[in-house]
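First come two forms of one protein chain, each written alone as structure tokens, so that there is a structure 1 and a structure 2.
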Structure 1
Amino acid sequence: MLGLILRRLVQMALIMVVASFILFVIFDTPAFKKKIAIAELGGFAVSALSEEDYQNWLEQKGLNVPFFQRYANWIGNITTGDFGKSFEKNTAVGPLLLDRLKNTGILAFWVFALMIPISLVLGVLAGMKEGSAQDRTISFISVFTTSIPEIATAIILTVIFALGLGWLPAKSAMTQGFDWRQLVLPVLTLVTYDFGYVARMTRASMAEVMTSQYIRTAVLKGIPYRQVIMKHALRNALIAPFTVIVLQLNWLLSGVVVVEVFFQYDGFGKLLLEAALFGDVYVVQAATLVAVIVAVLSQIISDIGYTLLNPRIRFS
């Protein structure tokens, strides 16, 4: 197991080096550098920036040195937490990004806290009796909710619970501090959209396990059905869903853009969209790098968890 973790960490380091290099190449083009110079020097058009001012700015920022030296300097700044300055927010990118990630983390925590037990229970119940009315009902609900786009789900829930019944606020800006009522609609939107996908994966895995020879043998031996499910079937059935659940971290980090913008929730997705629309280069660069890190980490966690759940891989 230790060898597996070390190999995955080495792979992660290599992936991050390649990803950071590609990202640096994209944002190191003359067009991007000129855009940053105009924003920092206060110009609003290319014509407002003279060539002399631009060259002085390059020298001041150390951007007129050789390419690999610029890349090494950029990596050094990142390791110290210096991601540059947001032109739109007029603040350092590091603290801004950390604050927005914290808000999205709160949202993600409640989404996973609700989505995981709901999807696993429904998936197991459906897979236990494949082809039954119970299975067909759960499968229909899962496919139906997943097929509705997040924006449509958000609108429907807002019309019902905010505008119709008046139980919940329509926006989740959190301007007056933390308010759990403002989290309900965005969390419910994400759970409604995503639980069906995980439930379907769990159902397929459970149905496959229930047809295995060792399950039939356990039933023929007279072992109580509940014990067969809990001690023999469930662990093997959770291998595939575990991988899917961990990989949902990637979806949640990038897929919350629609939900966060709709409910005006100040999270990572909303920050990324605002930066892209405004042309806030340093924010887009830092957010992209964070997204790559989360993707690689989730893959490592998925691989390690899969190995722990599957002895055939662990001892091979």
Structure 2
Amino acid sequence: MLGLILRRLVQMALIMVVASFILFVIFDTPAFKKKIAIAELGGFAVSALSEEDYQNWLEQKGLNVPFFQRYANWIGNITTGDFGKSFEKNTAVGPLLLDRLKNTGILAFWVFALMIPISLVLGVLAGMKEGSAQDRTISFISVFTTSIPEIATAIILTVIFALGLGWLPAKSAMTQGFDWRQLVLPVLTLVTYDFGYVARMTRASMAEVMTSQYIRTAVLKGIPYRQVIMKHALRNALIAPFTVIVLQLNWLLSGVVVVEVFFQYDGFGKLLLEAALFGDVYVVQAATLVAVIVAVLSQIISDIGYTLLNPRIRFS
């Protein structure tokens, strides 16, 4: 068991190193260096610079040191918490990113708090009686809601609840401090898009368990149906959805971009997109790295959790 966890961790560490290396290869190209120059000096100044002046500027910034040395420096700086400085916002990247991650964390917490119970209950209800009207209705609803992209869900919810009924604010910029009413529409959008997928996974797992021998035995023994479901079926049926739910963290980091941009919520996704469009290289680097770390960590947790929950599984 410990060996397995250790091997996963080593594998994940290797993935992190390679991923950061690939990112650095992209960020080390001349085109990207020019972007840094333009962000720092302005477009006019860069086009007016002679080749020699440009080289001097690179040297002054420490951008023309050999590739591997820069990579080592970059990693070294990150481990001491120095992510560089944002050109657009003129602040250190570290605290800025931390602040935005906190906002996205609040969003993610409410998404999971709503999505997990809804999808598990619906999935179990559908998988309990495979092929019944109840199953078909829930399955169709979950295909339907997952088919509407986040951007369309965001639009429809905004038009109904903000523009039409006027119950909720249309934008979530939170300019006057934290306001839970501004959080409702972004959370609802993400939950609507995501619950169907988890519900379908739960349904498949539940349906499989319900056809197994021990459930049939329990039913034939005369145990009340309710008790068969609660005591025998659920325990085994909820193992597979657990991994799916943890992996949704990875998906959330993608989905959150468009929702945060649409609702103007100051989170991680909006920061990353704005930085990418502005050419704010250090922010893009740091944000991407954080996203990969979160994704990799969620994979480790789901792997290890799956092994712990399911004693029958042993990776050889």
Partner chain sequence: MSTAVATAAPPRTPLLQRLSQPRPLILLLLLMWLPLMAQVMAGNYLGPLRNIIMLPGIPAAVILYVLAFRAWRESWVATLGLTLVFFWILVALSAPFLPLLDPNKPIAPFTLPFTEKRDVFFWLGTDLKGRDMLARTLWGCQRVLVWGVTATAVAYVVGTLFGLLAGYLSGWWDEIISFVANVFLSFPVMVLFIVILNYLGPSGFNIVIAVTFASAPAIMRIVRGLTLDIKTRDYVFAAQTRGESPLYIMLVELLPNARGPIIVDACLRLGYTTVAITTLTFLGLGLQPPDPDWGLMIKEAAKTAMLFKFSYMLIIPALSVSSLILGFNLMADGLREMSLRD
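Rigid core (definition): largest C-alpha set, two forms, superposition within 1.5 Å. Being a predicted model, the structure only gives us computed values, none of them experimental. Structure 1's sequence is the ruler for residue numbers, which start at 1.
Two forms of the same chain are shown on their own. Structure 1 is the form predicted alone. Once the cores line up, the CA of residue 298 ends up less than 2 angstroms apart between structures 1 and 2. Residue 26: CA moves 2 Å or more between structures 1 and 2 after rigid-core fitting.
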